[in-house]
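Single chain ahead, written as structure tokens, the form predicted alone.
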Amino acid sequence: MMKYLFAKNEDIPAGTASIYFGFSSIWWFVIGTGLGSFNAAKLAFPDFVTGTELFAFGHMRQVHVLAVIVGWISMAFGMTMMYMTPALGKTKLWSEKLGIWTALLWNVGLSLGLILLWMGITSGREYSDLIWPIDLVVIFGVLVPLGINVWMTIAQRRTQGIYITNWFFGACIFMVTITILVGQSAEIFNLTGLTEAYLTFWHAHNLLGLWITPVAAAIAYYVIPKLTGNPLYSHRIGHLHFWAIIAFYSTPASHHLLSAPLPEWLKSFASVEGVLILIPAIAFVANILLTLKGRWSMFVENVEIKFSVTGVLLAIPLNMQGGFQQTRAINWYVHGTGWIVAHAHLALLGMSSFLEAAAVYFGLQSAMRRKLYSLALANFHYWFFIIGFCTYWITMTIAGLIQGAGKIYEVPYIDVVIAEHPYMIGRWVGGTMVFTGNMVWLYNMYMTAREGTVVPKGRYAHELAYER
């Protein structure tokens, strides 16, 4: 890919930027889940790797979180935008060269940011950990060029309307840029106290609500109809999903601060809007599952559908749980416990990552025009991923309930630690299974690029993958 950095745009094969983004995303997924497994081991076995400051949990946790969000998830989004946006507009990507440079800057900026974090150079603000010069690289070196490429590709489309996936892509790049600009302003303008706390969680929650979950949903709107051959069940419901996200998802961040001295009206407003998030969630899940009508057998046969549908189904407990825990009584019980950690992983590692894995599987085969090297390894990846994730989610949810009970009944802290220890081991086992599956996935896609059967013209890669 590096040879195309200084080539003319017309000399770069279509899909090159997408391939670069795709392999980068898998690589960061391996790193992110590897760090997660390492951190979980430190919580399960307190004597694991001690005495070195760089490997302390406080250093490693930030690196794990940003490697997953900015590396895996966001680069998988970049990949999907590079191949879905032009496909849906029946045109070419506006600039493959800009896409390649964006992916390069993304990798360089993220690597630099994570090294600084690992060394302890941080803004000290949760989920906004990168120092502001790195934030500027993220905004002006990555998001703005990505947005220009997507927006210009949509503008030069050869279709009359804009498909729902491209509505999400175009809007979410704009919204996440605003989220980062506003969310980081607390650091630039030296805001402190409650204002700083609110902006921190406004930034953190909107990364989830205006970037991660809606773009993941946009992927499903493309992958499911494309692979099943069924048209989307309802474009109107898709637009209801889109506008409900815009209306209800931008302000409920204060549900993270229900115990803080925020104005009562703001906390009530956040709780109500938090429950209203069920509207876009139900619209999305119903629309996708109805699109599968008559094609449910593909859930067993097709690995991309298997990943996609699992991600969609995980959106059900994700959004039910989200609305449930935003009521004040429940929030008071679970706040600051492992329940919240489990819920966050249900969004990022569950719903979102399964949909992105499907898109990367499909996109890399299509862009490289090569048959998947091993369907058996892909199924191995799926089962290690789903079993590992469920093990993690269930054990952390139980640990959170134990911690909540300990908080209410004023149980001595050491007794809570002893009670939750088996669940910390379960957390490590589940996370390590996900990490193992991802290493197998990286090998499978590397071998697909190197030795996969070339897909002949007129055939689709995902069709050929299931022929013996």
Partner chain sequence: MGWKFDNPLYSLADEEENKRNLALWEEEKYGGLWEGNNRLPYPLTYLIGLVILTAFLITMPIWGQRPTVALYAPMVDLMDSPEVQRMKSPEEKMAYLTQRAMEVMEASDDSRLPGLLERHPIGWYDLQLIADQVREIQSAGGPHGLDEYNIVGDQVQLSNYEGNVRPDGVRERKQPWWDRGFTIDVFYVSYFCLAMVLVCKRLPHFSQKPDMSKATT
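Residue numbers count along the first chain shown, from 1. The structure displayed is predicted, hence computed values, not measured ones.
Unshown form predicted together with its partner chain; subsequent notes refer to it.
Contact check for Tyr221: a heavy atom falls within 4.5 Å of its partner chain in the model of the complex. Among residues of the shown chain, Ser271 is one whose heavy atoms approach its partner chain to within 4.5 Å in the model of the complex.
Its partner chain in the model of the complex comes within 4.5 Å of a heavy atom belonging to Arg328. In the model of the complex, its partner chain lies farther than 4.5 Å from every heavy atom of Gly109. Only one of 68-76, 193-201, 339-347, 320-328 lies within 4.5 Å of its partner chain in the model of the complex by heavy atoms, and it is 320-328. Comment: its partner chain is not present in this chain, but in the model of the complex one of Ala186, Ile386, Leu98, Leu278 has a heavy atom within 4.5 Å of it, namely Leu278. Note on contacts: among Arg125, Lys371, His256, Lys226, the single residue with a heavy atom within 4.5 Å of its partner chain in the model of the complex is Lys226. Three-residue candidate spot Thr33, Tyr392 and Thr397; no residue lies within 4.5 angstroms of its partner chain in the model of the complex by any non-hydrogen atom. Taking its partner chain as positioned in the model of the complex, none of the residues of 409-428 brings a heavy atom within 4.5 Å of it.
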